[in-house]
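As structure tokens, one chain now follows by itself in the form predicted on its own.
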Amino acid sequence: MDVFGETIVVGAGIGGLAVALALRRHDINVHVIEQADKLLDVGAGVQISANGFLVLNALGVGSACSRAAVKAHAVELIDHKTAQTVCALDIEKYNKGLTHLMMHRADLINILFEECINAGVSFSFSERVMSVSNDTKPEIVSSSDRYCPEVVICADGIHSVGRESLFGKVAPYFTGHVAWRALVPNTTDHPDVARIYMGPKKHVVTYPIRSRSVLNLVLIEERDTWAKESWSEQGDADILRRSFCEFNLGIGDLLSKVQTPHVWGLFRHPVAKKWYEGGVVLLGDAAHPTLPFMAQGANLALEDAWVLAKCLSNTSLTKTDLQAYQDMRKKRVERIISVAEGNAWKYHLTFPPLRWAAHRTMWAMSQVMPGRMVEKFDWIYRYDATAET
């Protein structure tokens, strides 16, 4: 039986690495277990909004992330058919003082991983966690070992072994949305903005990453059924192009360059009623999976990481510490998840008169009160988890 210090983190994703680094900032020994054999250059783009960047900056990696990312100046909502801008939200002007980044997920993970190594975090790769229990003390059974640490942090995503081991499996339901993702060369001189092309029952998000050399594409469509829920399912580029052929004027050239897209069904998982049991605690998607329509999944995990590390920084762990973590996080994440769930229909309006009226209203508001359209989300972006704790 091997025990690597006081705390074990399950999962070396954004949330797992961030909480490991945050714990080391409090001089807590940390060991991370990851089922992959190494950190791969996989995934696609990720938007780090100001609330997430504040955590990265407090962890000491803000400058490195800024150098590896493209700073977002605005969000543009665009009509799918005419490719004309419905409204442009100038976040640089009206979110003055805040930093919003667009970057490759692998770049962020590598930055966090290198800083974890420098801080003294230890890692086990190619090790699958089979079960997590908490009878008298936390215990992990993995594919190669058994661990009995003081604390187990399950940052192992929507299919969390820790969450299922402790609280049982709750079947998710299909939302009626399917997401595609792809990376293509930036041959269109795409500006430093996130663009959302809105169409009937579909929308497309584009933004530049990696020194503007690459564009990240996220394409969402409504479907009646879907079987798999996987981030690694490879899709057919020709099917993707046929599905979004009506978007040709705006992004046709980009779609023609897609070679190996990935596709997955979007399923709704409930927020866990309880986030901890004894010394086992959930973080990020393991506790509160969210749909991608507010681009807050990674940011919420970063917030969790900071708050949880602070709550665990006491010399002796008590139930009150983990309850404080849940109390500080649960209402906020539930509110953001609710907003994200309600966002898709606004992009997918099908009835032409209603779509025209909605777009005209957005255009008028962007002309008359542009600041108000940005500032209504201040409660998300100006939230500072590092100040709250």
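Sequential numbering from 1, following the sequence displayed. Nothing here was measured: the structure is a model prediction, and the numbers come from that model.
This protein has a second form, the form predicted in complex with a small molecule, left out of what is shown; the following refers to that one.
For the small molecule in the model of the complex, the listed stretch (30-38, 342-350, 51-59, 322-330) containing residues with heavy atoms inside 4.5 Å is 30-38.
Arg128 is the sole member of Lys93, Arg146, Arg128, Lys273 with a non-hydrogen atom within 4.5 Å of the small molecule in the model of the complex. Asp285 is the sole member of Asp107, Glu115, Asp285, Glu277 with a non-hydrogen atom within 4.5 Å of the small molecule in the model of the complex. Put simply, Val46 is close to the small molecule in the model of the complex: some heavy atom of it is within 4.5 Å. The small molecule is not drawn, but in the model of the complex it has a heavy atom within 4.5 Å of Ala12.
Of the heavy atoms in Leu312, none are within 4.5 Å of the small molecule in the model of the complex. With a 4.5 Å cutoff on heavy atoms, Gly157 counts as touching the small molecule in the model of the complex.
Although the partner is absent from the chain shown here, none of Ala72, Val193 and Met198 has a heavy atom within 4.5 Å of the small molecule in the model of the complex.
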